[in-house]
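Just the one chain here, laid out as C-alpha cells, in the form predicted on its own.
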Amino acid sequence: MKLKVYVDRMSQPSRAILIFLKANGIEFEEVKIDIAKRQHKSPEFKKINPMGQVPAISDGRFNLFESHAILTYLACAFPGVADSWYPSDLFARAKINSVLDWHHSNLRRGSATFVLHTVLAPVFGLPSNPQAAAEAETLLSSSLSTIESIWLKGNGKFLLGGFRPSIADLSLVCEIMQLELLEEKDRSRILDPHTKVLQWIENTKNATRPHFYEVHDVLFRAKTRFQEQRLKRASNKTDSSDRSKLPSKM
C-alpha cells in the first residue's frame, strides 16, 4: 500500500515532512487535513492519530504521529535516502536527536507562541495576550542565539558542522519560516541580528529546491492575505477616528 501522509501545509512540521519526501523521491499520497476547519479533531482522523494533530502517516497497517518520529522513520525505512539526512553513525545520530529534542521546548515553543499572539489571534478573532507574546519573543530570540553559538559555530553550511542538510535542519528551518507571517518590522527585528541563521536558512532552501518553495507556497500566499487584512484593519481604524473628529450637526 502507498504511504499516506496526513498534513496541513500551514503546519510547520507538515511542511518539513513533505519536503523530505519530495527531496528523496519517496512516493506518497498527500491527504489534506484542514486545521482551520478542525478536520484534525474529526473521529475519522483520530483513528490515524488519537492526539488529533498533524502531521501523521499511515504506512500499510502502521500509523505514526509526531513529526520527528515520522522523519526518523522515513529516513530509515525507505531505500535511497542519503545517509546525511539521519546518519547511520550512532554518534552523529545522537547529536541530531539532541537538536530535535531541544527544538520542541525552545525554538518551536517561542516561534509558534509568538506568531499565534501577534498574527493569528487577530485573524481568528481571539483575544490578544501581549505578555505571552513578549515572553515568546524572548524565548525565540534566545533560541536563535543558541543555534548560532552551539550548532552553527563550525565551518559547515548546516547544523552540527554538516555540509548536507539533516532532518534537524529541515525541521528547524521550517519552524523559522513561519515568521514570514509577521509584519516585516517584527520579522526583521527578530531575525536580522542572526546572520548565521539567515545564511543557514538560505542554504537549506537551496539544498531542497524546488520542493522547499513549492511546499511553502501556501505560507507565502497566507502572508499576502494577512498583510492585506492588517492594512484593511488599519484603514478602518483611521476612518473611524476621522469620523469621530467630525463636528456634530445636532
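Bear in mind that the values here come from a model prediction, so they are computed numbers and not experimental data. Sequential numbering from 1, following the sequence displayed.
What comes next is about the form predicted together with another copy of the chain, which is not displayed.
Checking L126, A94, A134, A82 against another copy of the chain in the model of the complex, a heavy atom within 4.5 Å turns up for just one residue: A94. Note on the partner interface in the model of the complex: the residue among D186, E214, E30, E66 having a heavy atom within 4.5 angstroms of another copy of the chain is E66.
Put simply, A36 is far from another copy of the chain in the model of the complex: not one heavy atom of it is within 4.5 Å. Another copy of the chain is not shown here, and in the model of the complex it never comes within 4.5 Å of any heavy atom of K157.
Contact check for S105: a non-hydrogen atom falls within 4.5 Å of another copy of the chain in the model of the complex. Although the partner is absent here, P210 is not a contact residue: none of its heavy atoms lies within 4.5 angstroms of another copy of the chain in the model of the complex. Look at 192-200, 218-226, 178-186, 57-65: in the model of the complex, residues with non-hydrogen atoms within 4.5 angstroms of another copy of the chain sit in 57-65. If you take 142-159 and check each residue for a heavy atom within 4.5 Å of another copy of the chain in the model of the complex, you get T146, I150, W151, in sequence order.
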